[in-house]
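Single chain ahead, by itself, as structure tokens, in the form predicted alone.
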Amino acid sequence: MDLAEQGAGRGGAVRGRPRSESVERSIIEGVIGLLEDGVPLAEISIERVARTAGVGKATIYRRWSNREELFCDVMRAAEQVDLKLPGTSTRDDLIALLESIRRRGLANRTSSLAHNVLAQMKSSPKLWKAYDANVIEPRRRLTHEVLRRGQQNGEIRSDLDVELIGDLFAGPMLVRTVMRPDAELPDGLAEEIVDTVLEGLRPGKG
């Protein structure tokens, strides 16, 4: 998904003139450059971003209504959170979802930018709320959609709540990527988690 598509996903109709992928990329790279130079999020204003990217403030506001929306797209770019699911089975889609978390965890361990920005966002309720709504919640909804399809086609028990099931799948990977920064994240971990949890969720196991 390119930056223009991400913007369309935020609000549907595009404000003002047609979006320019190159302009959006230069703005996001400008913010990333400031962060790499050690500038705290709290000190990055729209005015400063405009000066850094060589654009007017109006150009930024046509694409993002506030700093929170802009920073969410910066994190999308840094984390590479958008993914396409294979759609071949519930198992394959769940593996793809967990693999994206594993890779993001590995990236955050090696990327001081992503790690530091995420920590700063957590300290700002307004920023964290925007990040949760625009980045975390869409992933959660996608997971629930996959699980509902699994229930409908008989791959997963239909008597269980999808939110609970989603936590059963994502929990082990999140523990290793967030709560245990020294835990191993080997290749094949997503498959191991999915197959272990699926075995207990197949129809007839209740």
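One rule holds for the numbers: they count along the sequence shown, beginning at 1. From a predicted model like this one, the values you see are computed outputs, not experimental measurements.
The same protein has a further form, the form predicted together with a further copy of the same chain, not shown here; the description that follows concerns it.
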As a check of understanding, the residue in Val55, Leu142, Val39, Leu174 with any heavy atom within 4.5 Å of a further copy of the same chain in the predicted complex should be identified as Leu174
In the predicted complex, does every one of Ile27, Ile60 and Lys84 come within 4.5 Å of a further copy of the same chain, counting any heavy atom? no
In the predicted complex, does Glu155 have a heavy atom within 4.5 Å of a further copy of the same chain? yes
Examine Leu160 and determine whether its closest non-hydrogen atom to a further copy of the same chain in the predicted complex is within 4.5 angstroms. yes
With a cut-off of 4.5 Å between heavy atoms, is Leu168 one of the residues that contacts a further copy of the same chain in the predicted complex? yes
Just to confirm, Arg48 within 4.5 Å of a further copy of the same chain in the predicted complex by heavy atoms? no
Among 62 to 70, 27 to 35, 40 to 48, 174 to 182, which stretch has residues whose heavy atoms lie within 4.5 Å of a further copy of the same chain in the predicted complex? 174 to 182
